[in-house]
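Only one chain is included here, represented as structure tokens and corresponding to the form predicted on its own.
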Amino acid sequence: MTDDEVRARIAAIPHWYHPIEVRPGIVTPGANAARLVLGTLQLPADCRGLRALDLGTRDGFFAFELERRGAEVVAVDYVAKTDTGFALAAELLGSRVTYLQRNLYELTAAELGTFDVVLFLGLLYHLPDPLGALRIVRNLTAQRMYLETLVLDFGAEMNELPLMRFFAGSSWAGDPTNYWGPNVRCVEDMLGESEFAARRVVRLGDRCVFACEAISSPAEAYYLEIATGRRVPESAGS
């Protein structure tokens, strides 16, 4: 396939989110600051022998990067890979990333196993139940999880409290899929409730990256399982 043919196929995709270099000097369109986020994540340079999961993969920039570094990668999104640039980018890159069309709330470790590296980028504020989603992500994480999300600033005094604003309808950026705007403290506290420890936190304007480690916190896990109906409360006398 000639470079002109590659460019024509890229142009035939109506919406690109990630700028992906599919050939030397040929980069897809895309407004996402993927390179900036990638540098901030500080992913392992050598991922050989690691299983990696890219949640909300979209066009697949991060999934393909993890594969390039040697990881065995599963990429998940709730739309078909032909509805984004993923299928074309994978073809042009010769990628073997496994793509699953699935909603995050349907994912289980029983089906997929656990992953050494989990990317949870640009999703949290799109999810109606963010704490439940973090619990699912924790169940899939064996070691490291990287979260990137919108964060809001409620003012110096209020930012000491864990706060989250609800976006009704299309009130945030005209997008009805935006549900929540947390502050940094709120995200950190939700991570703790979900058995994650944020080891590094980096602000990028109104976005924030949290590099997290999976930890064990049985009390938090126990009460969240009760709250979500996955477990019956133990008798006080038992």
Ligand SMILES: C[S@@+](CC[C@H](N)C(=O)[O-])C[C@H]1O[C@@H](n2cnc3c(N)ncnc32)[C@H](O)[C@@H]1O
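Counting begins at 1, following the sequence as shown. This one's a predicted model, so the numbers in the text were calculated from it and none came from an experiment.
What follows is about the form predicted in complex with the named molecule, which we do not show.
Remark: of stretches 180-188, 54-62, 197-205, 166-174, the one touching the named molecule in the predicted bound form is 54-62 (heavy atom within 4.5 Å). Among Leu104, Leu150, Leu131, Leu112, the residue placing a heavy atom within 4.5 Å of the named molecule in the predicted bound form is Leu104. Residue Leu127 is the only one of Ile136, Ala87, Leu127, Leu93 with a heavy atom lying within 4.5 Å of the named molecule in the predicted bound form.
Contact annotation for Val97: none of its heavy atoms lies within 4.5 Å of the named molecule in the predicted bound form. Although the partner is absent here, Asn32 sits close enough that one of its heavy atoms falls within 4.5 Å of the named molecule in the predicted bound form. Of the heavy atoms in Leu161, none are within 4.5 Å of the named molecule in the predicted bound form. Though the partner is left out of this view, Leu121 does reach within 4.5 Å of the named molecule in the predicted bound form, counting heavy atoms only. Along 61-84, residues Phe62, Asp77, Tyr78, Val79 each place a heavy atom within 4.5 Å of the named molecule in the predicted bound form.
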